[in-house]
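One chain follows as structure tokens, the form predicted alone.
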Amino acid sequence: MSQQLYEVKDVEALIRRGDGLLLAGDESLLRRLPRGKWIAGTIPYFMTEAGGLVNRKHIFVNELPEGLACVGIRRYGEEDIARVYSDLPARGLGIMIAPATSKVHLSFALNAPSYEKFAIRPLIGWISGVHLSELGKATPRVFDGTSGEALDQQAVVMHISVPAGKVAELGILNIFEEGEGPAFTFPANGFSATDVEIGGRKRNLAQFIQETSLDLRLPLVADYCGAKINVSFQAVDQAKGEVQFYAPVFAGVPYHHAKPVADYVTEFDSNLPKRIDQIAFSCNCILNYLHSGLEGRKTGGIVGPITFGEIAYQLLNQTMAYLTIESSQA
């Protein structure tokens, strides 16, 4: 399996070979590619063997591991994304890319746990984005390689078959832990909040953040059925008394502000899976890249796109999501 940055002409050659490819790069480069068995998302940030970097001249390529095969590519909009799990191949998995802030992104984020056959088969992927200097100016997009079309309101999902004797497993590497401060409990599901319960008392969240100088680089963390899941802060509007998040909060779930992390790379390296050579795909969050100073720093040999959100069954933030292919007898 290969995971690296390629020039456009080399990606064209890989596509013409007919293998399934997972691609990430600048929109202008992706528009030049021929039709084939590939899906892609726009992003210029990557973790590479040389460390974290910005690159708008090359395309990041994930070739499927030996034995895995692309058996179809599907598109989903807001109206039919609920079928995403039901449609996955019986002996296989799906890799999904959705455009940031699109209706399908928001619908999946809010509703994935309620979808029919949720988590019955592996679904991993990421949220496409743009260079941070172009926020609000450029539009995140995904590409359906079978037609070459660029999409800004649909997700693309590659269906992948897994051979007999092998099993696909999803992993989440989250270095953040719940802090010892008060619990935050929200009255409704959503990407924003005004009044919430903090330590059992109703408070305006924006005002609380201002009064306590809460470090917004650290996410809120909650226990979702045994998994530590982050919700990252996007913006605070003191005039409106409103706080916006990069992922939804869910009503009735107690969240805690995360403990500070002394050194991201050290914590990351100490929590890496033992067999990184088995990792078939991975992605890491743009907030980790920014807040932890990952530019030029290596993360234990793990490579992949730096994204505007990660998918491991449901939407994640400030997390690394990864897929391993292992022997079913292991």
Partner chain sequence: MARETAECDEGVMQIPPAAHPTWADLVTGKVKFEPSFLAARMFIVRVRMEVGKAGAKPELIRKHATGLRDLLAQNADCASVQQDIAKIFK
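Residue numbers count along the first chain shown, from 1. Only a predicted model underlies this, so the values are computations on that prediction, with no experimental measurement involved.
Not on display, but discussed next: the form predicted together with its partner chain.
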Which of 144-152, 75-83, 127-135, 106-114 lines the interface with its partner chain in the model of the complex (heavy atom within 4.5 Å): 106-114
At the 4.5 Å heavy atom threshold, is L316 in contact with its partner chain in the model of the complex? yes
Would you please decide whether I15 lies within 4.5 angstroms of its partner chain in the model of the complex, comparing each non-hydrogen atom pair? no
Would M96 count as touching its partner chain in the model of the complex under a 4.5 Å heavy atom rule? no
Although its partner chain is absent from this view, report whether R91 comes within 4.5 Å of it in the model of the complex, heavy atoms only. yes
Work out which of L170, V71, A183, I209 lies within 4.5 Å of its partner chain in the model of the complex, going by heavy atoms. L170
So which residues in 229-254, when you check its partner chain in the model of the complex, have a heavy atom no farther than 4.5 Å from it? I229, F250, A251, V253
